[in-house]
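Take a look at this one chain, the form predicted on its own, written out in structure tokens.
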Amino acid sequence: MKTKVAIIGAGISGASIARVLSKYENLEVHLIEKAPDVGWGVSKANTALIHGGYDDDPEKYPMRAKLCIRGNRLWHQWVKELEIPHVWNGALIVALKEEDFDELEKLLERGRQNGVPEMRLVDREEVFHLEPNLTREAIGALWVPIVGQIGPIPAVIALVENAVANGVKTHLETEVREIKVENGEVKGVETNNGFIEADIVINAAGLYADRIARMAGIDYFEIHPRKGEYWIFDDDVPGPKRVLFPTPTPISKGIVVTTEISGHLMIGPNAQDLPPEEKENLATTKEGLEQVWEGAKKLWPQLPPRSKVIRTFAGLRPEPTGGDFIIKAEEEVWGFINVAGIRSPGLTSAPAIAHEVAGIIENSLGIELKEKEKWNPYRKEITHFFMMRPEQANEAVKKNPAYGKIVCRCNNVSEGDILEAIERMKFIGVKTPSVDSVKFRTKATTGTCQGSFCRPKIIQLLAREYGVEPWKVTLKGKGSEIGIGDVKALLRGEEA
């Protein structure tokens, strides 16, 4: 008989756990997410870095220190298996004054302690060889070649597609309201869509992990949101080749300057601690954005005019009591595993967290995991017309003329790309058609015009493929419907 596992939260941690647990034939895995699509919580808005593992003090934060470097190594394999957009461009932690080298020496030593390979200090000449347009104030840096960048939501989507292909069941738009515990053992979760039976409940609920834990009677930690704000520039603005950090201070890692995976210069984040009740506060502030701008100028003085900004946004990180990841089977409630407080470097650590959880199921819960004979580690990336060579594009259009119709002109996204995205949305159980679901799979609406041109056509395609009226298509799930109804009903003489 199979052991039933319910994972609460389909962010980068929950999705990674689902993928790893899909390897085992004696587990029946359910992935539960309250949002209409996967990866829309903490995983959606961050710096998208695969960190090097030099930053976390193993004495203060042993779980972060251990899992960050393991996660980095695993991502090098996972991005290939799952065809996730990525770049391994390395990071420079830049020294602007002589005393910065004291801090860089400490980071170098900590990195070696944590098992980070190939780190070294570089002088002024080499730093400009690695990043020619860096501020002229730079006098050297710590060079960490294993740092990289990925698309965080494309990564979550890839993980979930692969997990579903290997038998995981998704439950989207499903909010957990109660955890059923009998005689000190987990029995399942009560949701807005009914009861889901489970022998093991894994709490990977991001900002809400403390609330989920309290439903099981576990209340020794609290999660408060830490807000970070960002600017993104048009893709014709040159950005750095490397990920650029200032030398950290006791208060902050500082403002990062990077070229994100789609080729846009991005600066941020700052860090503002919010009270626990502000878990949905994604508002940007004038003061916060100015702080980011001024911080970025110290490393990248040639910031473009603000007319080149295409978007500002904020993300929230789940800061736990004590600062370290909380990953453990809770003794008071058999079958309840916390994966809580997954703040930075959570994205980096996610694959290692997933393996850690599999180890907990075997070692702490005593369930022997039996590997499937035919587990498939591979998943193909969605077709992107803008990445095709001319001969490939011609071939694609011959096979399917929809690839010849460009819907998003900023990013050269075709109707064929969008139709494939919609198919993939349905494959993982997306029930409510939304423009954001298409955006995160295709890059449509993320260019200079931010969807002003292509959004109406995307809405038409979603309405047709989901069999709903266009005004019922949403921007990002129920409550964000694009229209108010059929405004021509009166013209046709119908009652409104």
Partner chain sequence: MEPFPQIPMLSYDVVVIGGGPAGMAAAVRAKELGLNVLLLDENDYLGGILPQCIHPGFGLHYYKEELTGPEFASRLARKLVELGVEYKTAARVLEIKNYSDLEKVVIFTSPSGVYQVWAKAIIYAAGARERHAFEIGITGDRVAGIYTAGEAQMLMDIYGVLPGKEIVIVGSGDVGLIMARRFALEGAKVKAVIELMPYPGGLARNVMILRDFDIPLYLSHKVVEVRGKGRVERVKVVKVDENLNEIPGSEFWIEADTLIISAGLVPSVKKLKKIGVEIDPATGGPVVNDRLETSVPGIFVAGNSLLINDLVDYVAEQGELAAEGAKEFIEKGGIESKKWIKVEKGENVRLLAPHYLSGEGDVYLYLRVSKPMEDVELRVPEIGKKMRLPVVKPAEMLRIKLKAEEIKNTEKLTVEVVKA
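Numbering follows the first chain given and starts at 1. Everything numeric here is computed off the predicted structure, so don't read it as measured data.
Beyond the structure shown, there is the form predicted together with the partner chain, which is absent from this document and is the topic of what follows.
Option from 318-326, 152-160, 229-237, 137-145 whose residues, in the model of the complex, bring a heavy atom within 4.5 Å of the partner chain: Stretch with heavy atoms near the partner: 229-237.
Using heavy atoms only and a 4.5 Å cut-off, determine which of K443, H30, R455, R64 is in contact with the partner chain in the model of the complex. The residue in contact is R455.
Heavy atom within 4.5 Å of the partner chain in the model of the complex - the one residue of I261, A393, V122, L130 that qualifies: Going through each option in turn, the one that passes is A393.
With the partner absent here, would G39, N183 and T191 each sit within 4.5 Å of the partner chain in the model of the complex, counting heavy atoms only? Not a single residue of the candidate spot has a heavy atom within 4.5 Å of the partner chain in the model of the complex.
Does any part of W88 reach within 4.5 Å of the partner chain in the model of the complex? Heavy atoms only, please. No, W88 stays farther than 4.5 Å from the partner chain in the model of the complex.
4.5 angstroms heavy atom contact with the partner chain in the model of the complex for E481: So E481 counts as contacting the partner chain.
Hey, in the model of the complex, is G404 touching the partner chain, heavy atoms inside 4.5 Å? Because a heavy atom of G404 falls inside 4.5 Å of the partner chain in the model of the complex, the answer is yes.
Does the 4.5 Å heavy atom contact test between Q291 and the partner chain in the model of the complex come out positive? No.
Does anything in 448-480 come within 4.5 Å of the partner chain in the model of the complex by heavy atoms, and if so which residues, in order? If the 4.5 Å heavy-atom criterion is applied to the partner chain in the model of the complex, 448-480 yields T448, C449, Q450, G451, S452, F453, R455, P456, K457, I459, Q460, P470, W471, L475, K476, G479, S480.
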